[in-house]
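Only one chain is included here, represented as structure tokens and corresponding to the form predicted alone.
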């Protein structure tokens, strides 16, 4: 008897007693009965067990419900903290095309190109350190040298178009966009849907390597980006159509895109801009914009008597093409380089400029030198009028020409070897290659602040630069 009493005091409840206690806890309906039975049967139970058993089922259910609500609230707070503060911790999303100096990003891009069977274009060796985050390609390094015809899924029309982009045979935003749509129409006509596949999904997958290849040949322009976005939208619409009907609809819609956004928009802009040119005006233009040339020729046809000053710059000297067309139309012209724009600006009454694109913050993206001409006009109090189609408006925000730009071939700024014997002081390609410390920078675009621009003439009317977000919102609702 002494052993039994001593064992109960030292060891507490036995295994059988613990099982019986658990059963009674589950079956107990009233806390008093459960406590009484437990204390009578098992005098060694502790105070914590009796306190738990004193609670009713309703009280236990309320505690569980409160705990679940607290867990849900904690999870919701954690999720809200991740969504609000996660972007700050990770940093802003930077496009891969302006991270050429990041090995991890370039490795990921190379794997993507390899998966799409698109050759990666080799970059130039002598890059300016300030622009090392941008890609710099040289025309001497061909993109198709390791590319066999028929080995990839890229259509020959796309390959030909990419080479024309890389060699500079097709330039200008409208010309590049129209050429892209023409090549894509050829791809759609030759496309045959494989068995057990849907046209809308398979055609979009076929176009992705083509777009990547064109981007390797030359970075896509704002106009091309708008065309590609429209193209993908039209492909998604044709899901419930037959193959022949879908292909016909796609070709027609793409051609309609060119007609509406380039041809008809150019006519509307020309009619509106002609009202801003008066008799006796001296109009200054920069470079070779097909839209600006059309505006001036149409103004001359309606009987306006004015003079044009064509401002040009190296290395392309594209203004010579505009000068040739204006002279053929019978317009009196003068030709100067951009370095002399400030000297001739006092006799100018208006400056009419084209645009590569209009950014969401109101900045005008144009050929390099456009900002310099606009700044000289602002200093002399000469109004600057920008003519631009609405499909060139983009949601990108940019306030300088350093973060995002296109770097051209540096050899364009150099003199060809053995072509400067009359002036040996000029730098040629061979001398440049031997000078490791000498870097040549050839920027393609610059951005003009909206303070320098008086108005923007579009097919939608005359608007200020700050109205770009409004136009983008209206166009998004229309599509």
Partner chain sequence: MEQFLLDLKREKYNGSYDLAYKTINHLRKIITQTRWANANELMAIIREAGKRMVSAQPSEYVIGNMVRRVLKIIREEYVRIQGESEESVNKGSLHKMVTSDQDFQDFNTPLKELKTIVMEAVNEYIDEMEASIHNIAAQAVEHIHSDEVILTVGKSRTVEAFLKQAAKKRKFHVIVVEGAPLYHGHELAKSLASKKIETTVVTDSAVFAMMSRVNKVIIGTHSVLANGGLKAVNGAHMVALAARQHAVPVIVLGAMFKLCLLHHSALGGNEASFNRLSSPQEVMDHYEGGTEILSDVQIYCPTFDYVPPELVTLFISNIGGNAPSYMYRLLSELYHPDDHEL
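Positions refer to the first chain, counted from 1. A quick note: this is a predicted structure, and the numbers were derived from the prediction, not measured.
Omitted from view is the form predicted together with its partner chain, to which the following refers.
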{"query": "Options 204-212, 72-80, 97-105, 324-332; stretch whose heavy atom lies within 4.5 Å of its partner chain in the predicted bound form", "finding": "324-332"}
{"query": "Every residue of 128, 341 and 449 near its partner chain in the predicted bound form, heavy atom within 4.5 Å", "finding": "yes"}
{"query": "Position in contact with its partner chain when the complex is considered in the predicted bound form, options 156, 383, 315, 168, heavy atoms within 4.5 Å", "finding": "315"}
{"query": "In the predicted bound form, the one of 397, 379, 260, 122 near its partner chain [non-hydrogen atom within 4.5 angstroms]", "finding": "379"}
{"query": "Proximity of residue 438 to its partner chain in the predicted bound form, heavy atoms at 4.5 Å", "finding": "yes"}
{"query": "Touches its partner chain in the predicted bound form: residue 391 (any heavy atom, 4.5 Å)", "finding": "no"}
{"query": "Exercise: residue 443 in contact with its partner chain in the predicted bound form, heavy atom 4.5 Å", "finding": "yes"}
{"query": "Contact flag, residue 59 vs its partner chain in the predicted bound form, heavy atom cut 4.5 Å", "finding": "no"}
{"query": "Residues of 276-306 having any heavy atom within 4.5 Å of its partner chain in the predicted bound form, listed in sequence order", "finding": "286"}
